[in-house]
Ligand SMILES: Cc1cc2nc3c(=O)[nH]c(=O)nc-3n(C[C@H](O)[C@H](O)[C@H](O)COP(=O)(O)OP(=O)(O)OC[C@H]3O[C@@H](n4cnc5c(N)ncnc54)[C@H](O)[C@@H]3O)c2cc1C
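One chain comes next, on its own, written out as structure tokens in the form predicted on its own.
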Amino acid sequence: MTDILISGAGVAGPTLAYWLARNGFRPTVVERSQGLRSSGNPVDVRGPAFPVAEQMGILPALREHQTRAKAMRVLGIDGKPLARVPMGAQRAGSQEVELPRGELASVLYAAARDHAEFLFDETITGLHQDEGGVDVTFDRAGPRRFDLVIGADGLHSTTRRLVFGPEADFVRHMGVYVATLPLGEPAREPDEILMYNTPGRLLSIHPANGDALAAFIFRGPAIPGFDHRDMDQHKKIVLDAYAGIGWRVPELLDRVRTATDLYFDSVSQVRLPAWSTGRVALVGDAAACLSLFGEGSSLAMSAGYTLAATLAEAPHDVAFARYETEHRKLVEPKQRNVSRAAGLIVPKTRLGIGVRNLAARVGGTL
């Protein structure tokens, strides 16, 4: 039986593990965190991911955790409502589900855990491949040998760094940052996402599924010395970016100061000339991060399904090439549209905000 190591237990990793097991492989998933991450923006399961979820039998579980947002409410500079935009996921017969990212990861893990070995609080420290397999060393566990290794470990992929090269060679900052913070209480508006903009800044409050989530999305250049794991640094960046802004911003900045569960990162894209080399391949954000605006979770699920299917049909070198050819057709159009999406959500100027708000009022869309 073919042994396959997957690095990352987010969205792509458990999806891939589930389908590899279904296709006769023996998957092991290694995850740096001690458990599944609970923070992050709500995400959508739609498009190519929806039939994958149907075939996995997880749609009822996804709908159980579905967010309560029925519409986006666009606010003016004074905080008063300007426009209401209905949410597609709430329409009758909709083939999409919006839910918190952590809940999606939990559902996928529950589907895969009986079919794969999971090692939490563990990370890969070294990879050496030869014609017959890959020798892997870990931070805590003893060394092991696998037939294949798949990096599903996100934007800051350890697998990609060890095998393909430094992060700076492949990760492109898109001029935007995002921070999300669970508020630990229901939203004041239980079925609406509130969107408040000033030039280059957005604050949104999402009702999620009962525990409101604040998101700070703002424009800014690459930050020298940025450390995606340094929460104290992240808090300072957010506090500086939103200083002096009105509406509910001061109240929510106080929450940032005392937060213990703050997600923060650059909105970035990953672009590599190839997603595999030898016996190592990448999926999800590790291969082609779309970041905040690009349906990354849905495409990560689709990638896991496609990679498992191609491995079941052909030797790994042929399968990796087929998977990449097929999945790039879905990824590349989304990557090209990120700047447009950022312009709608975080306009740079007052004029841009006014034009966006007018379109929302007239057409009911963003």
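Numbers for residues come from their place in the sequence shown, where the first is 1. Small disclaimer: the values here were computed from a predicted structure and weren't measured.
Absent from the display: the form predicted together with this ligand. The rest refers to it.
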| property | result |
| --- | --- |
| One stretch from 235-243, 140-148, 189-197, 281-289 that, in the model of the complex, holds residues within 4.5 Å of this ligand by heavy atom | 281-289 |
| Contact label in the model of the complex: A53 to this ligand, heavy atom within 4.5 Å | no |
| Residue contact check: K334 to this ligand in the model of the complex, 4.5 Å heavy atom | no |
| In the model of the complex, V30 touching this ligand (heavy atom, 4.5 Å) | yes |
| Heavy atom of A12 within 4.5 Å of this ligand in the model of the complex | yes |
| Listed residue that, although this ligand is not shown, lies within 4.5 Å of it in the model of the complex (heavy atoms), from A116, L262, V136, V178 | V178 |
| Position in contact with this ligand when the complex is considered in the model of the complex, options Q269, T158, S106, N209, heavy atoms within 4.5 Å | T158 |
| Residues of 138-161 having any heavy atom within 4.5 Å of this ligand in the model of the complex, listed in sequence order | A152, D153, G154, T158 |
